[in-house]
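Shown here is one chain on its own, the form predicted on its own, set out as structure tokens.
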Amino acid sequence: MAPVDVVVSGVGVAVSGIAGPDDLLRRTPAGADGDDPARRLTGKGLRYKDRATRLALCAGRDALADAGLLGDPGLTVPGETVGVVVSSNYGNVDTICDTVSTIAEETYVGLSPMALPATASNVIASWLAIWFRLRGANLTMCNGSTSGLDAVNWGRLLLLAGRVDRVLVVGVEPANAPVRHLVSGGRSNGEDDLRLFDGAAALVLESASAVRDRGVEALAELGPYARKADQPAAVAAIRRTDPRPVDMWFGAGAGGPDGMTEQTSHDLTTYHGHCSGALGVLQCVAGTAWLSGHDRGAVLATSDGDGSDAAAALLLTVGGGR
């Protein structure tokens, strides 16, 4: 079997104060003023959807549209050819907390049968599939700070295995009271010090042949991926596989590629707050936006393990502009 090249064909974001993927590299403080992106969703069926799900639907819709996969009235390709991979560590923790509180105060009789399914950890990926009629493989990743890059790689693996022709990958985290309580360890005086990302980023991965068959051009191409015990080891594994010069690095602290300057390295958490499971996808969307405006280049995305003895790295390269 011939090797399958995996490319990015569409990107989308749902972040307050961010108009689109090109704005992700603005050095603005986390929580910048702006309209709530979740309000872009209108119509029926929103009542029992948590904030993370709504944000994911916004970003997912934009990514599918950017890839030319959404038309009137809906998906332009067979639903079974599209899979979903979601990364979120805190996604529906607000629903879980509300459910636990209701059971404690009223027993199970106080629960709504409409709200209870939203307590499942895969609720975001499920609603993306239902909302856009994506009937391919459906996965949810919630394994710490590397989760976003892991999700992008799992999307690639679904394509390489021939399970689907394209995958919608979404990284999303909400910033609400239950998440702040969880992240702060229950410290009531720590809320003002927490800078949490509140938003979603999405990208569409496709096989290069599927993109050609649809008559569109790729925005970027996925290069090698590595998951190691720490960031230097993950970066070194990438460099051994693909030693080409890196033009932009997404990461923090030491352990990045040599020669990176303040202009060519970006820590998105300093711009948008603690991104948790959304970080890797956010990095890939920002990197794709940068690459799509260049004839050549390579972007390295890294996610450190925050003390969990794990780190991931992924290389993106130019895959052709529109």
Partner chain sequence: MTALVVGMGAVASIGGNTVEFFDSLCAGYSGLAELRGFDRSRYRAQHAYEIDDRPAPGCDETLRASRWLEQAVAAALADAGLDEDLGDTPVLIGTTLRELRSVELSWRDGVPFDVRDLHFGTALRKRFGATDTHTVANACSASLYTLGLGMDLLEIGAADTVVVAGVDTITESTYGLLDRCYPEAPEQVRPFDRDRRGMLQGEGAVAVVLRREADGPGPGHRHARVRGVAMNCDAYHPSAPDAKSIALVTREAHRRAGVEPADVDLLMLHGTGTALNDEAEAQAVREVFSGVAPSPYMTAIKSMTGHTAGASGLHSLVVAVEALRSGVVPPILNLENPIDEVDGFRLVREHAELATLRVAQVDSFGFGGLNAVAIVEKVS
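Numbering follows the first chain given and starts at 1. As the structure is a prediction and not an experimental result, all values here were calculated from the model.
Just so you know, the form predicted together with its partner chain exists too; it's not on screen, but the next bit is about it.
Remark: T81 does not count among the residues lining its partner chain in the predicted complex, judged by a heavy atom distance of 4.5 Å or less. Put simply, R133 is close to its partner chain in the predicted complex: some heavy atom of it is within 4.5 Å. When contacts are judged by a 4.5 Å heavy atom cut-off, T76 does not count as touching its partner chain in the predicted complex. Contact check for A310: a non-hydrogen atom falls within 4.5 Å of its partner chain in the predicted complex. The stretch among 210-218, 140-148, 67-75, 195-203 whose residues place heavy atoms within 4.5 Å of its partner chain in the predicted complex is 140-148. In the predicted complex, its partner chain lies within 4.5 angstroms of at least one heavy atom of each of the following residues of 158-174: L158, L160, A161, G162, R163, in sequence order.
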